[in-house]
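Only one chain is given next, in structure tokens, and it is the form predicted on its own.
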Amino acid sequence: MTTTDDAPALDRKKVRAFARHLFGVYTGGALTFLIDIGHRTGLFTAATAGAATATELADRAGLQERYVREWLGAMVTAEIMTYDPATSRYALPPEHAAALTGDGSKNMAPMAAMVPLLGRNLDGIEQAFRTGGGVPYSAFSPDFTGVMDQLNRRPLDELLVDAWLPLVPGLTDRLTAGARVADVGCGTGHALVLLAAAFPASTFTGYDIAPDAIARATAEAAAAGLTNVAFEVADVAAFRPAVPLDVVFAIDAVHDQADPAAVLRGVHDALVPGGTFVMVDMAASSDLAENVGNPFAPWIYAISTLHCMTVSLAHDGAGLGAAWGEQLARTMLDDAGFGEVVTHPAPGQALNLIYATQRPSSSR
């Protein structure tokens, strides 16, 4: 069937279905703000103490009942919490609490803060769409440092030493025996603080371009009484350590660099022959068609557009983006001179892939 001007007729059912889907997308965005509020104010944690009225829950969290009651309306109708009209009590099911509370890697509540953070620079992103360039990393400061720290701290605590390191043959033994180790794009340095505490015979240096992140890293290491770890403000594209390294880590750091190829070449050249490079990055394909159906792909492309890609393009960079994908990553690692690359899904972090490779013992 066609209209009088020969344009295809619209399938009204499909129009309505898509409109409902689109409204669901908008609703999810709005609810993300309220999940962030629930995390910030301790409402989810307070709810784990048991079913409560709005007044009781507000009292537990030390908050205003009227705001809590309206927030609860959103949580109930979004099927995040339950409501018993007979008792006027609200409850957080334990299965939902597992994803919204606690100190473990399964707590997804800190992730909600990414949405309001990335939304602050929409004007700059719009301008970049029109004229090119991008929004610099500094535009996301200082809040980006804290949000990323909260997002990554729990998974690192739980997974880095016990789940991720054993995936790389011989790495734990190498660190135990004593190795010179660096982390490029280390952020607040929590990964190296954990590694320095776990492997006192090794020495660790973290590099990041953000002074506020390095300040936090230095303070955490000092508070832990660690003397085998240090941090430096540096552009990792110019990574040239004075002493060759045995191991280098890059955790969710390569894809948003202005010159990622230079970073990878620098890491390769900094390693001793046979030295190990461990890169943790997004689990995606370089081929869009292969990402269709991946439930994490919309998030990866979204955060890439709003942060990862634009901070690179702001400095006339490569603009790889978070969805640069395994195929391109392997090509770039090969171009940088690395040997065989082995990948593993990151235990406990479905968004990530762990790449392990080495500088060959002899030149190719």
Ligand SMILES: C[S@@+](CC[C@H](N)C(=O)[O-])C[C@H]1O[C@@H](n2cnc3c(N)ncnc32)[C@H](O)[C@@H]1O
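This is a predicted model, so every value here is computed, not measured. Residue positions are given as counts along the sequence shown, with the first one as 1.
If you look for the form predicted in complex with the ligand, you will not find it shown, but the lines that follow are about it.
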Review point. Can you pick the one in Ala196, Ala179, Ala113, Ala210 that has a heavy atom within 4.5 Å of the ligand in the model of the complex?
Key: Ala210
Point to revise | in the model of the complex, the one of Asn152, Thr276, Thr101, Ser202 near the ligand [non-hydrogen atom within 4.5 angstroms] | key: Asn152
Check your understanding: With the partner absent here, would Met148, Gly187 and Val236 each sit within 4.5 Å of the ligand in the model of the complex, counting heavy atoms only?
Key -> yes
Review point. Does the ligand come within 4.5 Å of any heavy atom of Asp256 in the model of the complex?
Key: yes
Review point. Is Phe140 a contact residue for the ligand in the model of the complex, using a 4.5 Å heavy atom cut-off?
Key: no
**Study point:** Interface membership of Ala217, the ligand in the model of the complex, 4.5 Å heavy atom rule
**Key:** no
Exercise for review: Would you check, heavy atoms only and a 4.5 Å threshold, whether Phe144 touches the ligand in the model of the complex?
Suggested key: yes
Exercise for review: Would you point out which of 128-136, 285-293, 248-256, 85-93 contains residues with a non-hydrogen atom within 4.5 Å of the ligand in the model of the complex?
Suggested key: 248-256
